[in-house]
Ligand code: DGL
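As a starting point, one isolated chain is supplied in structure tokens, in the form predicted alone.
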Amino acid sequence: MENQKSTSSIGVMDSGVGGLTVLKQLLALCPNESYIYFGDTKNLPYGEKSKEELILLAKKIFDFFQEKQVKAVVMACNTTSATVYDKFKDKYDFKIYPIIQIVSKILAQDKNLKKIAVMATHATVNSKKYTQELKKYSPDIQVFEQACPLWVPVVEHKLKNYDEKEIITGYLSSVLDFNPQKIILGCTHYPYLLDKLKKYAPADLFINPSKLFANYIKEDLQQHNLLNENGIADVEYIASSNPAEFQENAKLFLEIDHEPEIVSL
């Protein structure tokens, strides 16, 4: 990290447009930074891929960011944070921020939180990473993890004409049976579904981790003298396929005034 400059860009990675929920918070909190957002739309959804496949995909994206000489990479994707962060955390020159590990550490500081549920992709749930990380800081906390494989396709418009009640309550009912104090939306695509979710459960039950995550990143950059205080906000958007579809789907989270550049790794 000694060679990093505060004026270098920050990389943000996700399987599609879901990570824009994190980028939106970062733009509000760190308005002087330059960002490179990589949405791996060619290989979406990540949540149904094996750990070996995810390692190969993540390495290509990390190598791409290394070439761009970024000062940090934000893993806005819960799935890769769960499955590949430990493998790559010490392999690159830049700081890596994994969403699950950071958000779990923050939430576990609330000692009144005894029962928490996580709704996430198959890969995230199968890794049990949220459970491991929350228990690392709060050993007695009870954690229930529920996979919601159809939610990313709903948000990315890959699943049309679906039965809303069936798709939402099909996953939510078992979570509510656990009677959690809070439910982590453990995939950055899921906050888009909040308007639908709050028809079936109280809105304040759900945690959108993006704000907690972005706050931590800002404080950590500041602490390491890597926060850009004087730059002009700039975002370079990159997708691995379907740039027009990316731009259209991005509107769910953030207005993008041009199609992303195509980089197929």
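These numbers were taken from a predicted model, which means no experiment stands behind them. All residue numbers are counted from 1 along the displayed sequence.
Heads up, the form predicted together with this ligand isn't pictured, but that's what we're talking about next.
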At 4.5 Å between heavy atoms, only one of the stretches 103-111, 136-144, 171-179, 186-194 reaches this ligand in the model of the complex; which one is it? 186-194
In the model of the complex, does every one of Ile10, Glu33 and Gly231 come within 4.5 Å of this ligand, counting any heavy atom? no
Can you tell me whether Thr83 touches this ligand? I mean in the model of the complex, with a 4.5 angstroms heavy atom cut-off. no
Is the gap between Val70 and this ligand in the model of the complex 4.5 Å or less for some heavy atom pair? no
Just to confirm, Leu227 within 4.5 Å of this ligand in the model of the complex by heavy atoms? no
Leu44 near this ligand in the model of the complex, any heavy atom under 4.5 Å? yes
